[in-house]
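Taking the form predicted on its own, here's one chain by itself in structure tokens.
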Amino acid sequence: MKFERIKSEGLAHLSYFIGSEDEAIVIDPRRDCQVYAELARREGMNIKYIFETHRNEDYIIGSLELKKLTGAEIYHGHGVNFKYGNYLNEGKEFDFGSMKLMALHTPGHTDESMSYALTDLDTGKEPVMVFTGDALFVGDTGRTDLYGPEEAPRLAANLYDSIFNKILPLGDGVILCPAHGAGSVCGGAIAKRDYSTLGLERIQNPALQKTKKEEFIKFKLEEQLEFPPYFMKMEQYNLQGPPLLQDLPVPKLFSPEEFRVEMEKGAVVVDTRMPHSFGGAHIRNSYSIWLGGVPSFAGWLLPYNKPILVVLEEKEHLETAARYLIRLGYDNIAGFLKGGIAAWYMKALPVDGFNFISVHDLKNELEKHEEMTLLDVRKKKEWAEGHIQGAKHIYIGELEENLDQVPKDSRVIVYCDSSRRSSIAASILKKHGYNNVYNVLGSMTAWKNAGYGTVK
């Protein structure tokens, strides 16, 4: 048996390559899918089947891309009107090499959600792994709010049945293989540990301690998770099938003058440098999203109907930035700034910036009752667990739609947990004409390390 777990950083998306003898399958492939074809070539295997656990909301699935490369058949569950692939029924079995894969209909996260139990026939007839998609994670279960509040109780009830009546009965020793790890927006509290078994989850997973159905439903309905607007775009792509890439696009490198011309035509600029670099100097009207944050936050801010220009910290980051954007369906990458921000300001082109403030100076100003708008842009759950007294809360992803709640004539001081999300917020404010903006260095992490208190 050949088993490879492919993790797409940033999105925390997990896909799987499983092979036996000269045949292999792939579960939930990513869009830049050459990695699976390369694995098959290296192992001397043919990819026979491609399985999807559900219509994903947070990234573009690579099934059609991989089918074009390999000719493998695509399978997914009933419940939505897919425009490609084949539908599966409960209990359908597939053989490849000495392996057997059985389909389980496990709705709850979505109606068409499937799980797949893998048996190694060389060693026995009991399942050894289960691929649960977004039904069951390490330390968490899938969100049940995607169809709106009216449908959430029904989805939560279905998820309970799927987990307790179909997945857990496979056996405590079965290895859990979910579609996401820690950091994914598809769960609220996915554990940082990558590996688990159904037995460990039965004991340790907080949601699975709610063994009564009504308790489980109540637990799920009390979750407060953000809903990124790009989810709808991903659902559309993953229903109809996204445009085929063939390979990563070759990005254009623009000189500062060419870059400026593209901006004047309406292109949107995203700067992927770290907050301290962006705050010091950046191209006016650009968004700040540090490179590692692109998969999580680009979908909140960047349009699909305008060209996107990218500023990098290092030229070596180019491929990573392109992959992150392509996985979210941003095929509209116009190009990158050749020479980075230094090339821009060396041409005497207009720059902007914002100020930083330490937690000690912030504490001192708060005690003196200095005039300010203190803005917390963390998630609702983080805010509820403790925030700085006197702060106003607007989640970063919702800030641009709620600027009327932030006085323009005020000094605005923004914090998150580390200065990264607050850098995004500061860039949004500057882009919309707020001139007196500060980012709190180290934000809530530094505030707590300094021994300063919070309120709930």
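Position 1 is the first residue in the sequence shown; the rest follow in order. Treat the numbers as computed from the prediction; the structure is a model and nothing was measured.
Same protein, other form: the form predicted together with another copy of the chain, not shown, and the subject of what follows.
None of the heavy atoms of residue 333 is located within 4.5 Å of another copy of the chain in the predicted complex. Within 4.5 Å of any heavy atom of another copy of the chain in the predicted complex lies no heavy atom of residue 161. Looking at residue 204, you'd find a heavy atom of it within 4.5 angstroms of another copy of the chain in the predicted complex. Another copy of the chain is not shown here, but in the predicted complex it comes within 4.5 Å of a heavy atom of residue 359. Site annotation in the predicted complex: the residue of 385, 122, 151, 214 reaching within 4.5 Å of another copy of the chain with a heavy atom is 122. The single contact residue among 265, 381, 218, 193, judged by any heavy atom lying within 4.5 Å of another copy of the chain in the predicted complex, is 193. Heavy atoms within 4.5 Å of another copy of the chain in the predicted complex are found in exactly one of 293 to 301, 71 to 79, 229 to 237, 359 to 367, that being 359 to 367.
For the candidate spot formed by 126, 197 and 317, every residue has a non-hydrogen atom within 4.5 angstroms of another copy of the chain in the predicted complex. Applying a 4.5 Å heavy atom cutoff to another copy of the chain in the predicted complex picks out 41, 42, 43, 44, 45, 46 from 39 to 59, in order along the sequence.
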